[in-house]
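We begin with a single chain expressed as structure tokens, specifically the form predicted alone.
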């Protein structure tokens, strides 16, 4: 009888297990900074405003004035479609959406303290996720009724201070130090009833991840001519604490017999392993007084020292990733700049293998940004959209090697403002 019960439970659509995690596996989910956002984050060779604290602290040394800026996403939405993941060949969709503030920063010239010195501070969101999903399906190849409820909140943010010094008219160097916080909570409950007999299954899963750490950075910016600027920055860090916990309960009922398994509990004090080394570089070409063209890359090193005690925790193991971006800014009129950009957002999750089951999703994204600003002598406001489209593979059926194609789409409607003084 137990074998029959476990056979029934294995039929469950495990859209909880491999998709429950918030997104620690992409590094460009949020394009931060007021001006940088419009140019898709291709900003290492510019970085002369408060967002230089994030992109390249060496660029702060080239600031022409003090600066305070902030940006808010009026709305963001994300949809992932898993092809033929539901019995009967139907697609499964997961949606999330909400609002969040991606960036606030300030920059202050410190010439009165020491000529050529500039200080900056920024608070920025690296990743966010808000999900409240309730799905109900009927009569799907042996399953009379299937119900799944998922709630997820997640945020990864940093608060960073930087100091920069202009060594010469063409060379600046900067240092940064910051605090990083990760806070994620996922709760999923699901149940289904089979069409043959009184066969019923229910389960609940709760996962939480909390981590605190410090990051330090070094940036250099060099302008060999008035039109060409090179930027390069390095950033690394360490977690002071990490805590992961997962609890899973299940109940199976088959023809008058029920079996409630003991709760499965997984805990870890090193789920994320170390922070990856980040290398960011870029070139900015000031083609004319109206046109700026930039290009950027950012490299994140491999992370393989995650907790090996539980397979479910190993989903945070990351491969090395290289992303790039290109952007432009063009002044249609002296007070109306238009900013465009293109970028990649590759998945640090290892590629799925056909011989394994219960593997995490792997989706690579490409994105673009379009922003329009209204500029005044001492202030600027801008509005626009950043959108991403992803293609990849997933395994939404637990315990099998079956793979599904994944199509994903996300967009952020953004508003930002800057004041110079």
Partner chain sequence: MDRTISKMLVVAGMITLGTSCSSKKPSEESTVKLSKDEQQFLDDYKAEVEIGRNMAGRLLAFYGEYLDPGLTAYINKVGRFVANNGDYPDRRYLFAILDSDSPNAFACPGGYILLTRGVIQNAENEAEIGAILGHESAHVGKQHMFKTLKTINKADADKAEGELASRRRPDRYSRTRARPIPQESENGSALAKFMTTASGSGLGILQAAKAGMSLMLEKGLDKEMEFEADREGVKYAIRAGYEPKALDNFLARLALTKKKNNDKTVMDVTHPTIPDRRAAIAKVLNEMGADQIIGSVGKDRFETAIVRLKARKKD
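Residue numbers count along the first chain shown, from 1. Computed from a predicted structure; not experimentally measured.
Here the subject shifts to the form predicted in complex with its partner chain, a form of this protein not shown in this document.
- Note that among 41-49, 25-33, 385-393, 364-372, the stretch whose heavy atoms approach its partner chain to within 4.5 Å in the predicted bound form is 41-49.
- Taking the partner from elsewhere, no residue among 81, 206 and 359 has a non-hydrogen atom within 4.5 angstroms of its partner chain in the predicted bound form.
- Among residues of the shown chain, residue 334 is one whose heavy atoms approach its partner chain to within 4.5 Å in the predicted bound form.
- Residue contact check for residue 221: one or more of its heavy atoms lie within 4.5 Å of its partner chain in the predicted bound form.
- In the predicted bound form, at least one heavy atom of residue 225 sits within 4.5 Å of a heavy atom of its partner chain.
- Of the heavy atoms in residue 182, none are within 4.5 Å of its partner chain in the predicted bound form.
- Contact with its partner chain in the predicted bound form, judged by any heavy atom within 4.5 Å, is made by just one of 166, 346, 235, 318: 166.
- When its partner chain is considered in the predicted bound form, only one residue from 253, 286, 121, 239 comes within 4.5 Å through any heavy atom, namely 286.
- Residues of 106-134 placing a heavy atom within 4.5 Å of its partner chain in the predicted bound form: 112 alone.
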